[in-house]
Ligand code: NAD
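Only one chain is included here, represented as structure tokens and corresponding to the form predicted on its own.
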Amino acid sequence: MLKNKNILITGGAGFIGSNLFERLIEEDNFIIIIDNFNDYYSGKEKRFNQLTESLQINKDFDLIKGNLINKNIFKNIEIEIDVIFHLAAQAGVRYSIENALEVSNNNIISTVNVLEYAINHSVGKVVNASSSSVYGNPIYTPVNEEHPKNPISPYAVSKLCGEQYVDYYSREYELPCSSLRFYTVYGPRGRPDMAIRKFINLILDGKEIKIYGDGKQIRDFTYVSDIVDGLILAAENKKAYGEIFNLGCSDPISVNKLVDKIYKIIDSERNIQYVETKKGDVDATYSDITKAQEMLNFKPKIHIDEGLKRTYNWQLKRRESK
């Protein structure tokens, strides 16, 4: 576990970032967060403030509001950084299809600026968040890191480009860094547009769920605490330097089965409409995590049934507190 370190988390007020922050702040680390609080993720600043209040912390972190596209934002950092977790990105596969320029600017330029800061300030390690979307529609499953890359959305292209920059800075400047390809992350504090959170809210509101396509597409749903485990393992382990890893549960289920599980947890009647598949959606996500298991000792712990219950309980509590 990382202890007594100075850590920068870009996008640290977001879904994965806030869960990582919560874990690391408990280990006597000093955390700096850079987040632009984009309107795409409504209510994020309020939720982050609620988190810090619940943790009863006020001196072990610093929050810098701003966009990583502006490299001057790094002038606000006044301490030496041991580890950077680069999680900031304009998310949304479907959103990126209509906003390719915005997504490219945010996701690519920000990554270059982070890497430039890291080499100019002798940062000890950079862990870059990538995505399984870089693979596109898989040729075979489970998908290992050597699978051909065929991104089918601007978001996926931007993530693949980010990986290439990380690899370049690793080779040319000997910067200790790694990229992690996340698989369909879900859990508490997930974005409002994410499928599981959206499905739960629709069922609780007595509304119809729309499933794109026939629902037979499979997804490697990965609980957020397992992703946090993988991020920390990659930061701690020197074997990860210069490497790329899949982080998934490696136990995918169909969207139809997922929805059935959610209806069962909520104890509600099915109310589903199937609609046309959206552009940019892949047929399957299914991770081969052998490399992360062998090199990082990565072991996903939360099965989908337990993860859905935890996510449902969090959403229910959040709705009741409004």
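In this text the structure is predicted, and so the values were computed from the model without any measurement. When you see a residue number, it is the position in the sequence shown, counting from 1.
The same protein also has a form predicted together with the ligand, omitted here; what follows describes it.
All of Phe15, Ile69 and Ser130 with a heavy atom within 4.5 Å of the ligand in the predicted complex: Answer is yes for this spot.
Interface membership of Ser178, the ligand in the predicted complex, 4.5 Å heavy atom rule: Looking in the predicted complex, residue contacts with the ligand do not include Ser178, since no heavy atom lies within 4.5 Å.
Proximity of Phe245 to the ligand in the predicted complex, heavy atoms at 4.5 Å: No, Phe245 sits far enough from the ligand in the predicted complex that none of its heavy atoms falls within 4.5 Å.
Any non-hydrogen atom of Met194 within 4.5 angstroms of the ligand in the predicted complex: Taking the distances in the predicted complex, the answer for Met194 is yes, it comes within 4.5 Å of the ligand.
Contact label in the predicted complex: Phe37 to the ligand, heavy atom within 4.5 Å: Yes, Phe37 lies within 4.5 Å of the ligand in the predicted complex.
Proximity to the ligand in the predicted complex, single hit among Asn106, Ser250, Gln217, Thr141 (heavy atom within 4.5 Å): The residue in contact is Asn106.
Of Ile152, Ile203, Ala91, Ile81, the one that lies within 4.5 Å of the ligand in the predicted complex (heavy atoms): Filtering the options by heavy-atom distance leaves Ala91.
Which of 165-173, 233-241, 118-126, 152-160 lines the interface with the ligand in the predicted complex (heavy atom within 4.5 Å): One stretch meets the cut-off, namely 152-160.
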